[in-house]
Structures are given as C-alpha cells and as structure tokens.
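One chain is shown next in structure tokens, namely the form predicted on its own.
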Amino acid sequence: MILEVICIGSELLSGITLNSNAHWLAGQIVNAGGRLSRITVVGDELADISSAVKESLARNPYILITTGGLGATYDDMTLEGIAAALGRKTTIDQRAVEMLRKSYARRHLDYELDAVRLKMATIPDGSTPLENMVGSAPAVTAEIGGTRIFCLQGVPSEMQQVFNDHILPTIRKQIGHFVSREVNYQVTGVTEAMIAPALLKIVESNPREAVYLKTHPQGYGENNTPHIRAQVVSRGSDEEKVAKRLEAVTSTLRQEISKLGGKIEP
C-alpha cells in the first residue's frame, strides 16, 4: 500500500514551525505496513496546494493525506485547493455544520456559527466530513479514481485523533497482520564507506520490503575513531519469520563489523 503526504502551511517553509506531523505520520504508516513514498510541503497558496494534489493523484497512491489549512482564517486554503484539483466546487455541508455545533457544545463554547466559522464547514462537493473529537474543524475525506484523500488538521492532537480513528484502520484492513522489529548498534572503528559493500550484500540477499538496513554517521571520537549507528529493521506478516530474519541479518552484520576491525559498544 503506497501513501503520500502533503503538509500545508507557510510556517513549515519559513522555519517557524517544525514539521512534527510528517515525522509522526511516517512512523505510524510504516509501522502499520504501509509504504510512504513521498512527503511534500507547500505554503498557503491556492495554486501550490492544487498543483501538489494534482501531481500526487497522477501517481495514483492508495491514500493521499494532507495536513493543515482547515481552519477559519484567510490563509486556510486546503479544501479550496483540493476542490480546484478535483474540478469541484465547495459548499457548506450540513453534516460538517452539525459537527461544529457538537464540538462547541462538547467544550462548552457559546460560539455563533457566523460566516467565518462556517468556513470550516465548507467542503468540496462529493466529499465527506469526519468529526473532530479534539478541536473544531472537521477533517474531510474524498475519493478520486483509486485514491482515497484524507484532509487532516494541522494541530497535532487533532490530526492524530483523526488518523487513528479513520486512516489507521483502513491501512490495517488492507495490509492485514504486520510485524516490525528493530535493533540498533553503536559501532566504533568503522566508517560508512568501509561497511557499505557488506550492507549492499545483505540487503540484496533479502526481500526488499522485508529488511531496512541503514548506517548513521555520528562523527569521530578520541584518536579520530569513527562512530556510526547501525540500524536493522525486519518487517513482514509472519512474526516468527520476522524474528528469524532479524537475527540472521544482525548476526551477519556483527560478523562484517568484526572483520573490518570495528567494535560494537554495549
């Protein structure tokens, strides 16, 4: 299952806000067995949002997730951008209006549903609002061709709630049982270049989607000794096979590190 994410917000491009939503979503998707093929970041510009959505849909991912831009302010343009990409109009959706009313009542907020707040209930024609149990603005879902689009909030707690309630079950239903196991080693005396041929050999001898093997340079220590972190991930649907593969790969890796004169720190 291939997924893409589009993060929307000029604050993500200006250095004001760290894109923690992308980091969180990536971990959740991969750990559930999905394959996240691309994360795109665009600002609060209607043309940029629409263009990014069109480009993603042309690649036909199973699920396209957008984050941010669902609020009531002038620069919240995600749903307009989605509508433009799909060639649809936006209208006030009464289901979304009721969700807004319920969200305010749940939090004891006596807000009038004026034109500004109704912006959060104005969604692309043919789409469906998803209730926000944490904040105000509903999330929105739509289908086009073979792609399911989910428009999530930018506020992390709201985004995570909708993802857990609606997207994660979809992934798990499609993927089925999935297991991921990981180990990390702190290695001294070996550089990335030294270990690279061995890593390639290990990776090529295993199914591509079943093993992730990566080294992370961590600089040089005393006596100019190189330090790296070696990460090994085994994935699959069979827990026993995943465990055995992880054991075999880590055993081979340890042997290769030893042959190169490296040491694995406890």
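Each residue number is its position in the shown sequence, starting from 1. What you see is a predicted model; the values in this text were computed from it and never measured.
The next section is about a form of this same protein that is not shown, the form predicted together with a further copy of the same chain.
Proximity to a further copy of the same chain in the model of the complex, defined as a heavy atom within 4.5 Å, holds among Ala72, Ile175, Met133, Val97 only for Ala72. Of the candidate stretches 79-87, 121-129, 190-198, 163-171, only 190-198 has residues whose heavy atoms lie within 4.5 Å of a further copy of the same chain in the model of the complex. Heavy atoms of every residue among Thr17, Glu45 and Pro217 are located within 4.5 Å of a further copy of the same chain in the model of the complex. Contact between Lys244 and a further copy of the same chain in the model of the complex is not found at the 4.5 Å heavy atom cutoff.
In the model of the complex, no heavy atom of Tyr185 sits within 4.5 Å of a further copy of the same chain.
Looking at Val41, you'd find a heavy atom of it within 4.5 angstroms of a further copy of the same chain in the model of the complex. At the 4.5 Å threshold, heavy atoms of Ala230 stay clear of a further copy of the same chain in the model of the complex, well away from it.
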